[in-house]
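Before any questions on binding or motion, here is one chain by itself as C-alpha cells, the form predicted on its own.
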C-alpha cells in the first residue's frame, strides 16, 4: 500500500462527523464497544440503503442479463471444503513477545513489532472463518461456518437459477448480503471489519469469451462509481501480480480509492475461470454445466466476478463528498453527496413557529415526503439549520416564511452553491424532482424567480 496521505482530510474527521450526525456508531458502545464492529444510525442506514438500491438498480433492474438471489449465511460445511476456504482461507499471524499484540505478517515492514519494537514470533497460519455449531451438541459433526463471502451461495444455486429463469449465456446472478471474516488486523473505521456487507455478481460466460467480458466489467464497474459522483482522480485500477492472485483467479484487478490512509481496495473484479463450477460439481456429485444449443454440448462456464463492499463504498462516498468551505467569515463543513445517495433529499425549514407558518410548512412536508426522503427541522436559527443539513448532505432546503401565506411561494436553497430560488408551492414537487434528476439549479420552473445568491 502506498504511504501518500490526503493532507486535507483525515479519518478522524469522518469518524467524528459520522458519530455526531448519526451515520455510524461503535457497536455495543454502552458496554465499552466491540472491536471493529459498527452500527449504522438513522442517517447511516438511509445512506447504506441508497448505496445498495443504486447498485441493484444498475446491476439488476436496468439489465436483462442479471437476476437476483439471496442465500443463507450458514451453508453446508462441504461448500467451504470445495471452495478451498477450509484448507486455504488463512492469513499469516505473528505475536509480539513483549506487548502480546497480534499482526498479519504480510502487512508488516521489517521483523520488529510496530507497536513496541519487540521481537515477533514465527508466522503461523490463522483461518479467517467464524466457526459455529448447528444443533444442541457441539461436536465435530455439527460444525458449521458463517460465510466469509456471498459468492459460494450463487455457485451452488447455478442449476436452480438456470432451470427457473431459462437464461442464456452470458448471464449473471447478483447478491447483496452479510459476510464474516475473523480478521487479524482491523481498523480504519468501517474499511476493514469482521462483519461486513458485500455486493457481488457472478457473471457466467462461455470459455473463450471470458477475457472480453472481463475487460467489459472493469469499465462497467469503474463507471458505476463515477456515476455516484466519486472524483475520477480518486479512483484507479490495479492489476494483481501473479504472486498475489487468489488460487481460483486467472486474472484480477482492484478498483482502488484514495482513502485518507492511501490507495486501498474498493472493489475486486476477478476472472475465476471454471474453478468454482468444477469444484462444486466434484464435491457435490451434481454437474454444474450449461447446455449450449449451438454446439449441442454441455459446457462448464467461466465466471467473471465483480465483488464490492457496501461499507467501503459508504466510506469512500463520505470521504469523497466531505469538504470544508468558506461561508462569509466562517467555515462550513459540507457533504457534497450525489442526490441518489444522500440520506434526505430535501429538508423543510419553517422560519417561524407561529401557527399559520407551521401549518403551511407541515402541509408542504406532508406533500413532499410522499415523493422524497424528507426531514422537518424547526430548531435553532435558520443559519444553524442550513449548516446541519449541509453537513449531512441534504441537496435542497425549502424555507416557508410569512410571505408564503400571501404569495403561496417558498424558497429552495441549493446545498452546493448556497443559491436560492423562489418557487410557487404548486410547482415545488416538480421543481425538486427536476433538480434531483440533474437539471441545473438556475433553471426556473413556471412562476419561479431567482432569489438570494444570483
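Residue numbers count along the first chain shown, from 1. Here the rigid core means the biggest group of C-alpha atoms that line up within 1.5 Å when the two forms are laid on top of each other. Keep in mind that what you see is a predicted model, and the values were worked out from it rather than measured.
The same protein also exists as the form predicted together with another copy of the chain; that form is not shown, yet it is the one meant from here on.
- Proximity of 146, 160 and 164 to another copy of the chain in the predicted complex is complete: all three residues have a non-hydrogen atom within 4.5 angstroms.
- At a distance threshold of 4.5 angstroms between non-hydrogen atoms, residue 418 is out of contact with another copy of the chain in the predicted complex.
- Looking at residue 369, you'd find a heavy atom of it within 4.5 angstroms of another copy of the chain in the predicted complex.
- Proximity of residue 272 to another copy of the chain in the predicted complex falls outside the 4.5 Å heavy atom cutoff.
- At a distance threshold of 4.5 angstroms between non-hydrogen atoms, residue 56 is in contact with another copy of the chain in the predicted complex.
- Comparing 135 to 143, 258 to 266, 106 to 114, 225 to 233 against another copy of the chain in the predicted complex, the single stretch with non-hydrogen atoms within 4.5 angstroms of it is 135 to 143.
- None of 82, 120, 300, 351 but one reaches within 4.5 angstroms of another copy of the chain in the predicted complex through a heavy atom, and that residue is 82.
- Shown here without another copy of the chain, the chain has 29, 30, 31, 33, 34, 35, 37, 38, 39, 40, 41, 42, 45, 46, 48, 49, 53, 56, 60, 61, 62, 63 in 29 to 63 lying with a heavy atom within 4.5 Å of that partner in the predicted complex.
- If you fit the rigid core between this form and the one not shown, you'll see the Cα of residue 215 move by less than 2 angstroms.
- Core-aligned CA deviation for residue 124 between this form and the one not shown: 2 Å or greater.
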